[in-house]
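Heads up, the chain below is alone and in the form predicted alone; it's given as structure tokens.
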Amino acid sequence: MEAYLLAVAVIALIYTLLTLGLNLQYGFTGLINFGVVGFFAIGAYTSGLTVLAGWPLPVGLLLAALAAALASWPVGLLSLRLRIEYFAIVMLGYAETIRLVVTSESWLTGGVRGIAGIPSTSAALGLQADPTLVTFAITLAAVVAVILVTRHLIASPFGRVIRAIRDDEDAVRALGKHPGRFKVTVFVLGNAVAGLAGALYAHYITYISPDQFVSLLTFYIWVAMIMGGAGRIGGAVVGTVVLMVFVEGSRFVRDVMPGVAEVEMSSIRLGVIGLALMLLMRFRPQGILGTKGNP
């Protein structure tokens, strides 16, 4: 039972990183990013291939975040020219394009077969320890670091500007500020966090394939942020915990519904999460911790 709970905790922490990155983009700046899973995939493949090539794990993690950041910069520039709803559609397409590239470039990514034998965190660090426990410790440290950096960023003049952009971009422009530079910077930073999360995921699972990076993951991360409260750092953490409770708790629905086949469980689990989200939006639309308050 302890091994199962530890494994769930690792995935919860990885999802927390993704939610924190998205919360920085949407909760604090108002940028809609429906392509989270694409940058998650970039980080996973970058670190997996880097460490398989013999580079140290810290280098793999750094390159994963850097690759996701660089991949997000050109598409982030589109946010300056497109209306917010059009940009959201572009991000959906961008994430799917990344998945198709990963599938087709089999010489590098293994195509639909994926990449197996990725060193675990403990193996990559040369430690004789439980890989899940080592991944948990590293991911927890990454979550704490991202929270501290985000809190510092939001409390700075930069943070006050991006929150003003979220509330009224025209007013910020009237005050002589240039929202575009701030929006692109936030978009790149949030996706760098997603790339780091992808790298940790790759070294935890030790196998990656295109089927693991579908748009459903982006939906989960948006649900976590909304449930916790957009624009609240604590909301990203609380929302992810609640999401994991629903996702993992719904696994036991089959115990009370013995007639449900395994292939039908995924739909039921998604329905349970959707119902919970609808109830939350009905009775507490601002999220568990509220929205756009103090971080």
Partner chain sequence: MGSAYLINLAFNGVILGLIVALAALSITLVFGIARFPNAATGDVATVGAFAGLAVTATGGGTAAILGFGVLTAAGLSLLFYLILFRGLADKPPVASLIASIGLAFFVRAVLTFFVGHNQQVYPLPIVRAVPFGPLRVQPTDLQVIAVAVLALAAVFALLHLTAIGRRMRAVADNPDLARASGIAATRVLVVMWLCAGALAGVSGTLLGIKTVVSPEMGWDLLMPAFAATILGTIGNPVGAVLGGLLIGLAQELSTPIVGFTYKIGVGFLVLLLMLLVRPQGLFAGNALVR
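Just so it is clear, the structure is predicted and the values come from calculations on it, not from any experiment. Rigid core here is just the name for the largest C-alpha set that superposes within 1.5 Å across the two forms. Positions refer to the first chain, counted from 1.
Note that the form predicted together with its partner chain isn't included here; everything after this is about it.
Novice: Spell out, yes or no, whether the shortest heavy atom distance between residue 105 and its partner chain in the model of the complex is within 4.5 Å.
Specialist: Yes, residue 105 lies within 4.5 Å of its partner chain in the model of the complex.
Novice: Heavy atoms within 4.5 Å of its partner chain in the model of the complex: does residue 172 have any?
Specialist: No, residue 172 sits far enough from its partner chain in the model of the complex that none of its heavy atoms falls within 4.5 Å.
Novice: Even though the partner isn't displayed, in the model of the complex is residue 73 close enough to its partner chain, meaning a heavy atom within 4.5 Å?
Specialist: Looking in the model of the complex, residue contacts with its partner chain do not include residue 73, since no heavy atom lies within 4.5 Å.
Novice: So, residue 137 and its partner chain: in the model of the complex, are they within 4.5 Å at any heavy atom pair?
Specialist: So residue 137 does not count as contacting its partner chain.
Novice: Would its partner chain in the model of the complex be within 4.5 angstroms of a non-hydrogen atom of every residue among 63, 177 and 237?
Specialist: So, no: the whole triplet misses its partner chain.
Novice: Between 153, 90, 125, 161, only one gets a heavy atom within 4.5 angstroms of its partner chain in the model of the complex; which residue is that?
Specialist: After the contact test, the surviving option is 90.
Novice: I need the one stretch from 162-170, 81-89, 140-148, 186-194 whose residues put non-hydrogen atoms within 4.5 angstroms of its partner chain in the model of the complex.
Specialist: Flagged stretch: 81-89.
Novice: Is any part of 211-247 within 4.5 angstroms of its partner chain in the model of the complex by a non-hydrogen atom, and which residues would that be?
Specialist: Those in contact are 215, 216, 219, 222, 226.
Novice: State yes or no: after fitting on the rigid core, is the Cα displacement of residue 273 between the shown form and the other one at least 2 Å?
Specialist: Yes, the C-alpha position differs by at least 2 Å between the shown form and the other one.
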